[in-house]
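Given next, in structure tokens, is a single chain: the form predicted on its own.
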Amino acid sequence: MNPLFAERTKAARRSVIRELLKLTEQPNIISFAGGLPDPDTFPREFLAQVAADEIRNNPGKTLQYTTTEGKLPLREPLSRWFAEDGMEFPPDHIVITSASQQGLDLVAKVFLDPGDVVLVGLPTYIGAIQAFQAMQAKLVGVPLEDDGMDLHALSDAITTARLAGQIPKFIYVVPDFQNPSGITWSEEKRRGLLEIASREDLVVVEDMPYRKLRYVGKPVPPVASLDEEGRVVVLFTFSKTLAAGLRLGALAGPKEIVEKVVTMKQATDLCTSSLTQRLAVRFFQEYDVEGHMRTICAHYRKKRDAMLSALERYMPKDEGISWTKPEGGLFLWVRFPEHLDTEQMLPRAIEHKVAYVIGAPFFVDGKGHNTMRLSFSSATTEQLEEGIRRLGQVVEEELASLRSPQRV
């Protein structure tokens, strides 16, 4: 049977995170692995009432096919929501997607031929890596600094690719509270990114699943709001702001790109669920959206603060151990000395009933073995305290083992 599979299928690999989540289902494990939003943030009573009403009283719009572009009553408030953030995307420049992961898949299908180059961060989101590699693209990693990509390295990477006869197509970025690192790009870096994209005639794919989840600090303008040439594609999801299980998101960008996306989407799923779109329409029409966002941000800020406080108390003070202090989002990133491998340490962590995501899969250059991603979103504050205490003990034991001459 194997010879019948397409080459892209043979090369595909499962998500390390999704596979790890199976392991963390063991009893009593405190997991910081999956970036799952807290179900307590879902407006479930509102959604239950609206879903019942829509199904009973509006079946023609709720249970029927809809347009590939998505329902206009949803694209219109999304357009206004984007405009509040400085992004001018009229409704006909927006496509409703099955969350932002479908947006990544559609962007890959629209732009990538086998061997084309995509520039990504080191580290970057695993779901993006999967989507781009499925189209047999060559992913070139660019180091991340505390305030965004190393733009000199980005320029060098583009030049190197062209000299090798490769075709760079786009630069993929998550500028706000990046998954996995938690960093936020400075405005200077965002403007510099656009300058490079303009000079090199590349598209920028700006993924913003966490932008609405800011807990401290002042918002930085989206890359798309600074774009004067129409070369930025924005991906958005309702997974973190409404409910992940709705699988609802949006792609916005220049009309020329959006038209190609619609064509690819027609071949993929015809249209996104009418039911979930109608729930989102009612969310914008009837719910206190801004109040909801304030509540969510206060909820997650408390958890972020609890994890950061616990790390200060329980993580060993050895040189080479550090972590990011994200201004929003769901993740922070921990670095260890080069000789500590977080994948090798994971069985010890599972023994101590605590789990994390190893850092290496977020790197397209094979590095990152001394890093991990921690999510504070779904654990309780009590679990955050106890889980980080356990993790600190795991790290202490691992470092002691590495110092021991008996270590094989």
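We number the residues from 1 along the sequence you see. These numbers come from a predicted model, not from an experiment.
The next section is about a form of this same protein that is not shown, the form predicted together with a small molecule.
- The partner is absent here; in the model of the complex, the one residue of 336, 185, 210, 170 having a heavy atom within 4.5 Å of the small molecule is 210.
- A heavy atom within 4.5 Å of the small molecule in the model of the complex is found for exactly one of 276, 179, 133, 324: 179.
- Looking at 142-150, 223-231, 83-91, 238-246, the stretch with residues near the small molecule in the model of the complex, meaning non-hydrogen atoms within 4.5 angstroms, turns out to be 238-246.
- A residue is said to contact a partner when one of its heavy atoms sits within 4.5 Å of a partner heavy atom; residue 99 meets this definition for the small molecule in the model of the complex.
- The small molecule in the model of the complex comes within 4.5 Å of no heavy atom belonging to residue 95.
- In the model of the complex, the small molecule sits beyond 4.5 Å of every heavy atom of residue 205.
- Using a 4.5 angstroms limit between non-hydrogen atoms, residue 125 touches the small molecule in the model of the complex.
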